[in-house]
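We begin with a single chain expressed as structure tokens, specifically the form predicted alone.
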């Protein structure tokens, strides 16, 4: 099965082999060396000189660790224009008072609303950088800039952008950011990395969940250890995935993601399909997943079911209120032009049977021609 979804992603053979090695003691120098390598490479991925904590858990574990550990605020604002923005709001509501800026899924966040929240007394903000449920890239730099005008804490979900798009924590003024292993990093699911700047500790809340208390991770970081037993095979896999990123070069990797997503969008438009998110002058299309409106007369099962049955290709449908209304193509992690062209050709074949698209594969091929 070819996975063209926004995570988990296809695994490179080197990463699969890395997980097959014998266990090592997690309190040994061998494990510390692996963790130190991961931490150092992830600092480049996050664009930070801050600390990196690795948690054996999904991206959601990283989200909760970030919010709960730094929830010592009177009120936090969350930006919600998709499923994962809503999840941030739900998590934050368990730890502090929250002002939830909720806009229809796929619509753009208005910066005036962000400023108004800080005028209303919010001392922190949590938002999703790359909202894969709708295919929109929220304006992280501008959001963080406004927050810093009010000396507010900035928590950013970079789970599906770090490693596939520019994330510049220190330059933008982001205090805390999260990434999940199974997205643009190209590793299996099960690890979350939380990057934390020094200023975040002013907001530390000791009444956070025991396992997700980042102060415990900080105590062990000096020895390049985790406070609790780590998922050792996933650390093997993450280290190999990060070696691949180093070999490719982060700038080249981001360029590859941009070209792949641009090709998918170009194909969609030329085929007569409509991209889903509505952009304003600050937001933009995601560079790791493309959301497309389902054409009239085609059902989700007819498109995605046929793709899976006849071609062995898995793409994503809509979530929540968008179920049956959109389909989503992930171009993140280890995929390249072969997988992308194969997926678009298969989708085009299925939709042409329903007279729902025009032939447009050549437009994607032109953009992908020079991609290695």
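Since the model is a prediction, treat every value here as computed from it, not as a measurement. Numbering follows the first chain given and starts at 1.
The form predicted in complex with a further copy of the same chain exists for this protein as well; it is not shown, and the discussion that follows is about that form.
Asks: What is the one choice in 285, 201, 211, 282 with a heavy atom within 4.5 Å of a further copy of the same chain in the predicted bound form?
Replies: Comparing distances to a further copy of the same chain in the predicted bound form, the residue within 4.5 Å is 211.
Asks: Have a look at 146, 91, 271, 242 for me and say which one sits with a heavy atom within 4.5 Å of a further copy of the same chain in the predicted bound form.
Replies: Exactly one listed residue reaches within 4.5 Å, namely 91.
Asks: Honest question, do 9, 16 and 190 all end up within 4.5 Å of a further copy of the same chain in the predicted bound form by heavy atom distance?
Replies: Verified in the predicted bound form; spot residues all in contact, yes.
Asks: So in the predicted bound form, does any heavy atom of residue 227 sit within 4.5 Å of a further copy of the same chain?
Replies: Yes, residue 227 sits close enough to a further copy of the same chain in the predicted bound form that at least one of its heavy atoms falls within 4.5 Å.
Asks: So, in the predicted bound form, is residue 40 in contact with a further copy of the same chain at a 4.5 angstroms heavy atom limit?
Replies: Outside the cut-off, so no.
Asks: Indicate whether a further copy of the same chain has at least one heavy atom within 4.5 Å of a heavy atom of residue 221 in the predicted bound form.
Replies: Looking in the predicted bound form, residue contacts with a further copy of the same chain do not include residue 221, since no heavy atom lies within 4.5 Å.
Asks: Is residue 182 close to a further copy of the same chain in the predicted bound form, meaning a heavy atom pair under 4.5 Å apart or at it?
Replies: So residue 182 counts as contacting a further copy of the same chain.
Asks: Residues in which of 119 to 127, 103 to 111, 202 to 210, 247 to 255 have heavy atoms within 4.5 Å of a further copy of the same chain in the predicted bound form?
Replies: Careful reading of the contacts points to 202 to 210.
Asks: Would you give me the residues of 229 to 250 that have any heavy atom within 4.5 Å of a further copy of the same chain in the predicted bound form, in order from first to last?
Replies: Residues within 4.5 Å: 229, 230, 231, 232, 233, 234.
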